[in-house]
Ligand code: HEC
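We begin with a single chain expressed as structure tokens, specifically the form predicted on its own.
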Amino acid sequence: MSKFIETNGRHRTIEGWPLVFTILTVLAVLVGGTVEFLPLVLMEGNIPVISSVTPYTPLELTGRDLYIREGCVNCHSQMIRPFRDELERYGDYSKPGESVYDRPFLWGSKRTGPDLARVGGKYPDLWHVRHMEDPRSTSPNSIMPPYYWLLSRPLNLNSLERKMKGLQRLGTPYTDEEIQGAAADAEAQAQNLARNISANGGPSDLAEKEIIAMVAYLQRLGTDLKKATK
């Protein structure tokens, strides 16, 4: 008890010196930040390369930002752990090489809904539209809230080039030509997806709505590994 009182007294003394306490706090943050950052630089070459893993298309990249904006990552992890129950339910466990172009990465174990690491291609495009508009229409017992505004909000591609340039500087292998043609590529992919959704009985005006980018992103998840397996 006496040691506790002595230690507590010293701590209170340091807290009473604002300048000293601030300097010590900054040093602690710098040391902690360095310890966390250095492995990312020193171990980058140790990440297994999966040849079939490619950067997101401009439309998928836009959909990923919407996925983060709407908080989907708070309820749906994108990391299948190497446990039998997870492998049987979700598929092969997640590999580090799958996420080399994810900035920020969306791994995690918090699940209110199912893991989405392998959701790409599991359902038709229209299913995702209906699910986002009204989750109970496709999954009767779902507790997920509706995201119906994605079907009406216009798709904004104005920041695509700046976003891809930033990712290029961080190491994502986008070419200058891909960056310059990002908006056109996104619009072309959106048109193809929208035609498929409309042909299967869905709305016919989704090519310029946010939902189309969300569908593109969800349909991409896990497909790189499937290509590698084939």
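These numbers come from a predicted model, not from an experiment. One-based numbering along the sequence shown.
FYI, the form predicted in complex with the named molecule isn't displayed, but the following is about it.
Visitor: Tell me, which of 145, 121, 108, 96 has a heavy atom within 4.5 angstroms of the named molecule in the model of the complex?
Guide: Of the listed residues, the single hit is 145.
Visitor: Pick from 178, 161, 70, 187: which residue has any heavy atom within 4.5 angstroms of the named molecule in the model of the complex?
Guide: If I apply the 4.5 Å criterion carefully, the residue I get is 70.
Visitor: Spot the stretch among 110-118, 79-87, 97-105, 151-159 with residues whose non-hydrogen atoms come within 4.5 Å of the named molecule in the model of the complex.
Guide: Every other range fails; the passing one is 110-118.
Visitor: With the partner left out here, if you bring back the named molecule in the model of the complex, are 126, 212 and 216 all within 4.5 Å of it by some heavy atom?
Guide: Heavy-atom distance to the named molecule in the model of the complex: none of the three under 4.5 Å.
Visitor: In the model of the complex, does residue 130 come within 4.5 Å of the named molecule, counting heavy atoms only?
Guide: Residue 130 lies outside the contact set for the named molecule.
Visitor: Just checking whether residue 91 would be counted as a contact of the named molecule in the model of the complex - the rule being heavy atoms within 4.5 angstroms.
Guide: Taking the distances in the model of the complex, the answer for residue 91 is no, it never comes within 4.5 Å of the named molecule.
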